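Only one chain is included here, represented as structure tokens and corresponding to the form predicted on its own.
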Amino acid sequence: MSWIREGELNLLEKISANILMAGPMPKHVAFIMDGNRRFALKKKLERHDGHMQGFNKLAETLRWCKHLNIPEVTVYAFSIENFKRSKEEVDGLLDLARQKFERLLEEQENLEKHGVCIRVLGDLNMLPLDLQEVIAKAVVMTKNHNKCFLNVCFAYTSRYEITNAVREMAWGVEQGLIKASDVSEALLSECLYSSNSPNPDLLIRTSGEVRLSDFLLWQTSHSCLVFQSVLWPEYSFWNLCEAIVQYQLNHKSIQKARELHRDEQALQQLEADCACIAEHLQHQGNGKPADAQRRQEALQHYTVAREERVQDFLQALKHKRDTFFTNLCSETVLT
């Protein structure tokens, strides 16, 4: 079944969508698509069939998001913790992913028509090589599309992502691209798998569970979190509308919290820069305090140099990540 569903909303859905869109709308929605196994048990189906129904619901939900002008969606497709499930279920999930990404490659014209960019966030090295290759093809094929974005978190947990971001910064220091003093909260954000995306405005978890299960812990610190009891394969347009209303009711407080956090980050960076300059000037002046003008000039010079180092490092990191996907595609061609 296709990832990209065509079709209009019915009349009542259109009216409701227009009313919703008169208020503030989330630009990025994240889903923890929970309840596939319980749905299968409830309907007396095989687990695999429950996961298949879950994928079908994702395709339908993406259609709703398109009509609601939500340009970016992130989904928790496969946690690193899922590898601990039975071999039969893990193999079934990986086979399903393989089938769906292969189908995605067949939809190139449709993806281009709608401008869909597919990103896969996680450690692909944990996956079978053939699955890595088909995922890489989908990512590279759609990387220049910019109308809407689907981020698929696969072989992912947030703690692993944060740990990996720390490793990337350590690599930058080892390579001489950045200094240890350049490491900051803002830089760590830029080293996450999700660095190309704004943080989610709204995170939705289905099935009645009220925990994040190690999903986007860093990115959702100032997001609206909505927990709904419906099982994911039974998710409806009206469930999505309900979650958006919750976002709209909390929009002002969310925006205020984000602004305060941005101000706090800027202040922390300024204080860190000032501390570096003070230490540098103290060494240069044999312990004598520098005048205000000299401190200001040194601060401006240091800030520009730090920003240039950070941008060069981020470009090198992007190149490293892009090369990983490109090389996987090249290996497929060679074989």
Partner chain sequence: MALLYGLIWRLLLALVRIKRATVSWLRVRLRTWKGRFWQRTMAALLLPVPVAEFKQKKADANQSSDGDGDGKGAGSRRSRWISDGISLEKLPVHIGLVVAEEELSFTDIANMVVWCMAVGVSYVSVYDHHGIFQKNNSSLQEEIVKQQHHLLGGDDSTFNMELLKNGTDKPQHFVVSCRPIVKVLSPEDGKHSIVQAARKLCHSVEKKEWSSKDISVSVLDVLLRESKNIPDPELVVKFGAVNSTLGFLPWHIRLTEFVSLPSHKNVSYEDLFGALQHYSACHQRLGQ
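Worth saying up front: this structure is predicted, and the values here are computed from it rather than measured. Positions refer to the first chain, counted from 1.
Absent from the display: the form predicted in complex with its partner chain. The rest refers to it.
Colleague: Name the stretch, out of 105-113, 221-229, 67-75, 141-149, where some heavy atom lies within 4.5 Å of its partner chain in the model of the complex.
Modeller: Every other range fails; the passing one is 221-229.
Colleague: With its partner chain left out of view, which of Gln300, Gln282, Gln268, Asn56 would have a heavy atom within 4.5 Å of it in the model of the complex?
Modeller: Selected option: Gln268.
Colleague: Using a 4.5 Å heavy atom cut-off, which residue among Leu96, Met169, Leu124, Ile118 comes into contact with its partner chain in the model of the complex?
Modeller: Comparing distances to its partner chain in the model of the complex, the residue within 4.5 Å is Met169.
Colleague: Counting only non-hydrogen atoms and a 4.5 Å threshold, tell me whether Arg85, Leu188 and Arg211 all contact its partner chain in the model of the complex.
Modeller: Yes: Arg85, Leu188 and Arg211 each sit within 4.5 Å of its partner chain in the model of the complex.
Colleague: Does at least one non-hydrogen atom of Glu81 fall within 4.5 angstroms of its partner chain in the model of the complex?
Modeller: Within the cut-off, so yes.
Colleague: Can any non-hydrogen atom of Tyr160 be found within 4.5 angstroms of its partner chain in the model of the complex?
Modeller: Because a heavy atom of Tyr160 falls inside 4.5 Å of its partner chain in the model of the complex, the answer is yes.
Colleague: Even though its partner chain is not shown here, does Lys256 get within 4.5 Å of it in the model of the complex, heavy atoms only?
Modeller: Within the cut-off, so yes.
Colleague: Evaluate Val183 for contact with its partner chain in the model of the complex, applying a 4.5 angstroms cut-off between non-hydrogen atoms, and reply yes or no.
Modeller: Residue-level check for Val183: yes, a contact with its partner chain.
Colleague: From first to last in sequence, which residues of 3-27 have any non-hydrogen atom within 4.5 angstroms of its partner chain in the model of the complex?
Modeller: Result: Ile15, Asn18, Ile19, Leu20, Ala22, Gly23, Pro24.
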